[in-house]
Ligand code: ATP
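A single chain comes next, written as structure tokens; it is the form predicted alone.
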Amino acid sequence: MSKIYKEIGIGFIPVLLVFLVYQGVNVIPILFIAALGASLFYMMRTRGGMGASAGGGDRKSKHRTPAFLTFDEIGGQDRAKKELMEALDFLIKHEEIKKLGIRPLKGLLLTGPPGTGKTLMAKASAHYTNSVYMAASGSEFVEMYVGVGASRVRDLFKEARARALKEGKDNAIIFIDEIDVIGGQREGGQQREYDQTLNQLLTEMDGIHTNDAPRILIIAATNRKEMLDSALLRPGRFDRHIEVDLPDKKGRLAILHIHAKNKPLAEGVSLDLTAEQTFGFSGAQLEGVLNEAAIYAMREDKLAIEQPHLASAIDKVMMGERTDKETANDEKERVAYHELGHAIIAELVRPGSVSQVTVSPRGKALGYVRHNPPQDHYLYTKDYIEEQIMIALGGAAAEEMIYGGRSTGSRNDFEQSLSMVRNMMDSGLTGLGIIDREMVTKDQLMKENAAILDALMLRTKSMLEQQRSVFEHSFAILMREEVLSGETFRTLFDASVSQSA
């Protein structure tokens, strides 16, 4: 019917225009207005279509079930994976746990530093349980308009149920990243939009009936658990809190092997050595190390990644890209003595811990010493922390010994030293004993801080004075080569010590 009207209109309009011209009517304004109206109609229609497709496309892409990612493809989190899989078994073995009277879980909270694999574990959970997977970020629920966030929460749960029914699946997993954005602690007084969104989330979680299909499981992730509202953390909502922490050496090696599968490694490359040198790296940083190593190999037209490429990649991830700063020769000499001071103290208090000494600018640093911890540490004694402070003070002590004064290059070293002294105080490892920082005056804290740092600086200077020959043998080579490997530095160190003896 509409087609007939369209054809009649197409035939009638030209006839009408010809008749008006015949009657002497000026049709140019009519044609102009008609063209303008048609253009506006076309623009509105096109804009609406683009908005609908963009909005719909974004929504679909965010909630698309991920490609088949399994827990085997996630390395370095064996404990967290085991705990998570045990919780997910409540969905898979629903009838078995029902016989034992176990209440299925409604929510799982993944906590830990950025880049440790929380999102990957949520995606693997959907594959493990054969569930519909929908993902959203906490920031998506935050709007300046009141009620929008709460409405989006309702829509998310409604869509999860609808998709599970449509795809014939018994379970649906909703993953909310950055839950601290909407789940922060509520304050008294005027209601915020965040509070309404959180209230709606709590209501939806309370409305989950774990015995009814489709069953919904909420997995949330945050690296700021201390900011979350207590109503979210109680049993019956987020029942399990799973720590996804930085990997240990074994975990780092497993992650490196996973990301090295599609990269050619040269013969003799030791990923075990790389795992040792990357203490404190997250899974995302380890992936970045191998990616940067491949880029370095490509720059040199190499067909495989070699050990120096991995070493440079570690520096790149830690410090940033090597810069082309042209430093004056006297400034470069000061940097060389400064870094040798760090390296000499490190070799004295922890033999074998120096991995590299360089005066090549990288990122904001004019030079640096990369340390290779012999083993992962999670507990620190007073002696260990004092040795670490002495390593940090070694650069400034070397400058005072050679030049009679310090430079601004020691600023970061002093910040690290002060942080370690605070850690000692909070752990009861200083002369103040076990203290509550709020019950001790600032004057007492400053006196203890100064006493510790002054005593350690004197020890550091004394040790460096006894190793002047090491400076003499290493300085010229470091200035010429700009980079000394740990092995080369130790060879020069041992030779200098033997000659002075």
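These figures come from a predicted structure and were not determined experimentally. All residue numbers are counted from 1 along the displayed sequence.
The same protein also has a form predicted in complex with the ligand, omitted here; what follows describes it.
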{"item": "Interface segment, criterion being heavy atoms within 4.5 Å of the ligand in the predicted complex, picked from 162-170, 347-355, 400-408, 108-116", "value": "108-116"}
{"item": "Candidate spot L253, T278 and S485, all three touching the ligand in the predicted complex (heavy atom, 4.5 Å)", "value": "no"}
{"item": "4.5 Å heavy atom contact, G283 and the ligand in the predicted complex", "value": "yes"}
{"item": "Non-hydrogen atom contact N223 with the ligand in the predicted complex at 4.5 angstroms", "value": "yes"}
{"item": "is_contact(H259, the ligand) in the predicted complex, heavy atom dist at most 4.5 Å", "value": "yes"}
{"item": "Exercise: T197 in contact with the ligand in the predicted complex, heavy atom 4.5 Å", "value": "no"}
{"item": "Heavy atom within 4.5 Å of the ligand in the predicted complex - residue from D272, E83, E287, E243", "value": "E287"}
{"item": "In the predicted complex, the one of G184, P104, P214, G75 near the ligand [non-hydrogen atom within 4.5 angstroms]", "value": "G75"}
